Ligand SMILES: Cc1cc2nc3c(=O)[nH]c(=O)nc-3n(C[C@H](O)[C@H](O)[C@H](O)COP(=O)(O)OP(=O)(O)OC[C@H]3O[C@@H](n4cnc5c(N)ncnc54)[C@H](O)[C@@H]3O)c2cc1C
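What follows is one chain in structure tokens, specifically the form predicted alone.
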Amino acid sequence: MKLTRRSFIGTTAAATLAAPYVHAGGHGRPKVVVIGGGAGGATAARYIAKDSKGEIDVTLVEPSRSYYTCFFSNLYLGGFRSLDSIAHSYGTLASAYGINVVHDWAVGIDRDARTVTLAGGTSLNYDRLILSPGIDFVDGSVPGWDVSTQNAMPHAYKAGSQTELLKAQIEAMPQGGTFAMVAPPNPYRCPPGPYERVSMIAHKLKAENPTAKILIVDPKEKFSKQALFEEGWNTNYAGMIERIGPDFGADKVSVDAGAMTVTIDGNVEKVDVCNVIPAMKAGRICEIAGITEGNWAPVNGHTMQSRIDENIHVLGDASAQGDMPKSGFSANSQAKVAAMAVRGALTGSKVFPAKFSNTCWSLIDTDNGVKVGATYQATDEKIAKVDGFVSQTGEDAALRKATYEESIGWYSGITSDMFG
């Protein structure tokens, strides 16, 4: 009998995973389908396949053959990385771990039949389903902008061609021109991301277009690592960057992609490049599955199981889980907890208490790295922050360089953890 939502929320992880799961049909290997091949999905698929040693059939559904990480994509904009350096393939997941990698879009989920329908017409059966689709955008959150205008005013918050487009537009700016960013409201993917992006664009413009201006239109009163970024901007890019917050009308903004204007509380600003980062929500497949409440998919932090359907786990940006930020590190951490829970449910393997961690690094200028992070534990209500840390203003150059080099090592480690 299926658990009701009320009874499921009250069920502890131990009770949920007390006995091996009897998979659909009662024969053959249990099947896990993972939708989304980023930091959450790729990691979960790899860990389930690796640690189950062939006991579980794993299929990973991801439309892109090359995955470009959103983390470190800002460094590409700033000239610190090549695009190829943030691109990764799924070949090792297939060849070394036996994962069935399907490059297609998931367009339907039948929760009663436990099937996933793909755009190409294929239907996949599952015993457990893992959704890690990242983000989509909230329609109408920035009046005048929608996906039909993304080539004129790129979001570049899904890395790849949008990132290339934004960089090309920045490089084509006239001398003394204006770059504008419409920053997103909370919650959104990678809280420091827009402000690292401003830093990287400022770094590029300082070298190539030193009289250019950067305008940040921000609906939030404050933002992640604000003191660190503002210190860095004042030191390295004095007079280049202006931020308008909600006190000055940034919560009343619209854009006109044809005229290339940004209107702030009735005042029209003509700009040369406009990076619109709209409000965000869980990737659409979560809505299709019927497991969202509001813009996000609520989960049980002990297992990352949906609070609406216990046969579905939701990872990373798409999940509403509590205190963890929406980041690649968070998704990777949550994926390991979900993979362990899935193996326990399907094979009876031991399940340990969930623990999570996150660190977000940002680059302000050459060898000037800062970070923020925390550790977390699962409670029955949410994933709760245990303790945290953040870089301090006034740190010396050697420490900032070491922080940046630490981020380089982390990137190498997490991408290996994701893709093998």
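Note that the structure is a prediction, hence the values are computed from the model and not measured. Residue indices: 1-based, along the sequence shown.
This next part talks about the form predicted in complex with this ligand, which is not shown.
Heavy atoms within 4.5 Å of this ligand in the predicted complex are found in one stretch of 215-223, 130-138, 241-249, 341-349, which is 130-138.
In terms of contact with this ligand in the predicted complex, the residue from His302, Lys167, Arg197, His203 that brings a heavy atom within 4.5 Å is Arg197.
The single contact residue among Ala331, Val276, Val262, Ala297, judged by any heavy atom lying within 4.5 Å of this ligand in the predicted complex, is Ala331.
Put simply, Trp105 is close to this ligand in the predicted complex: some heavy atom of it is within 4.5 Å. The closest heavy atom approach of His88 to this ligand in the predicted complex falls outside 4.5 Å. Taking the partner from the other structure, this ligand in the predicted complex has no heavy atom within 4.5 Å of any heavy atom of Asp57. Among residues of the shown chain, Val61 is one whose heavy atoms approach this ligand to within 4.5 Å in the predicted complex. Taking a 4.5 Å heavy atom cutoff to this ligand in the predicted complex, the one contacting residue in 387-418 is Trp410.
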